[in-house]
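We begin with a single chain expressed as structure tokens, specifically the form predicted on its own.
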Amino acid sequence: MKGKPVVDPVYMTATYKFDRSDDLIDVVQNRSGYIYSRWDNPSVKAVETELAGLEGYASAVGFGSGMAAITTAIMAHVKAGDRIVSTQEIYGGTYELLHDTLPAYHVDTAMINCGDLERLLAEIDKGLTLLYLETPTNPLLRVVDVKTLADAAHAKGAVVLLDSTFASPVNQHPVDLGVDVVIHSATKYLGGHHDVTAGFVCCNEPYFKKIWNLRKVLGGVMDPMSAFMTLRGMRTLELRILKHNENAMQIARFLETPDKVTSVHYPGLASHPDHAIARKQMSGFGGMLSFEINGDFDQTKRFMDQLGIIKLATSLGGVTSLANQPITNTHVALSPENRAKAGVSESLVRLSVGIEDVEDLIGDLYQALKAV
């Protein structure tokens, strides 16, 4: 064939054939090719290579979901008796892993308010195996001083992991901040169209080998079609992120004005407590924001039910705007006490700003606020 396809094909195969036993043995011993798609697949490898290049790491590992990426990356670097330091304000699924699951395996986690830099540094100084960060955080969009914390953790010999999903590779470059392993839920901005469930880690050696080996054992591999669709989404990533950034900033400014909104959480606003840090370590402020309705749980539900263009749904990072109440889904597993520690109130709304016409989105928010 003289011509080559512009778009990489989807390799929908679970296994691979060989002409000679020595070739199969070489692949098993040296990973010089493909033998079984739980190990590697050409479609998955293509999107892994693309993302690793975007993030500035040597390698990436694809997973069947963002949580598969998080659990495998963490478990590849801890054992019984180890200690993790993390922040209180993290994704609900990650919180469950650190707070509920890992203690059963004798791995303890100190979870500190992300705004208390001195206390975080003090916990790191006590000794740790792994520092786990998320920035911007879900759902209050707090921005963590990654470089300061990573330097302190490395001084103690720890590995630094960062969930950079909310920022995307366009708005944040963790490799420049001292991060060893960066994690993405590709279900969000990388895929970008609410039609993929996938995740990634990006890293260099020796972290890559540990994570790849554990993925092979645990089996949370990305499937070829998800890889193909994620790679397709990534082709427009920068264009989409720039529009997400622009729309979210305009909406955040609008939400600061109505008396039916008591506070807006968006790192691009000068009123945000971490605005200075965000300006230092981010090139854009992202498409995520949250805000507090001036009302109780039922009044906030009434607001949600009035939305039209903005869809009532979980997840985020796609071209369609989505809104939810974290207390009802993303953080429902947290106890009321732990939700309070994380700042998740009954009147908090999380908004994933899409790429629709921003005036239409503002109009939708305006009419829904009138119902409060």
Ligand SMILES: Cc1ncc(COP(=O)(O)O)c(C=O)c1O
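Heads up: residue numbers just count along the shown sequence, starting at 1. Owing to the predicted nature of the structure, the values given are computational and were not obtained by experimental measurement.
Although it is not shown, the form predicted in complex with the named molecule is what the next lines describe.
**Q** Of Phe285, Phe166, Phe291, Tyr95, which one comes within 4.5 Å of the named molecule in the predicted bound form, counting heavy atoms only?
**A** When the named molecule is considered in the predicted bound form, the option within 4.5 Å is Phe166.
**Q** Heavy atom within 4.5 Å of the named molecule in the predicted bound form: which of Ser347, Ser37, Ser59, Ser65 fits that? Just give me the one.
**A** When the named molecule is considered in the predicted bound form, the option within 4.5 Å is Ser65.
**Q** Can you say which of 262-270, 183-191, 80-88, 223-231 gets within 4.5 Å of the named molecule in the predicted bound form, counting heavy atoms only?
**A** Heavy atoms within 4.5 Å of the named molecule in the predicted bound form occur in 183-191.
**Q** Could you confirm whether Ile70 comes within 4.5 Å of the named molecule in the predicted bound form, counting heavy atoms only?
**A** Taking the distances in the predicted bound form, the answer for Ile70 is yes, it comes within 4.5 Å of the named molecule.
**Q** Is Asn138 one of the residues lying within 4.5 Å of the named molecule in the predicted bound form, judged by heavy atom distances?
**A** Yes.
**Q** So, in the predicted bound form, is Ile310 in contact with the named molecule at a 4.5 angstroms heavy atom limit?
**A** Because no heavy atom of Ile310 falls inside 4.5 Å of the named molecule in the predicted bound form, the answer is no.
**Q** Heavy atoms within 4.5 Å of the named molecule in the predicted bound form: does Ile211 have any?
**A** Contact check for Ile211: no, nothing within 4.5 Å of the named molecule in the predicted bound form.
**Q** If we check the named molecule in the predicted bound form, which of the residues in 305-328 reach within 4.5 angstroms of it by a non-hydrogen atom?
**A** Result: Leu316 alone.
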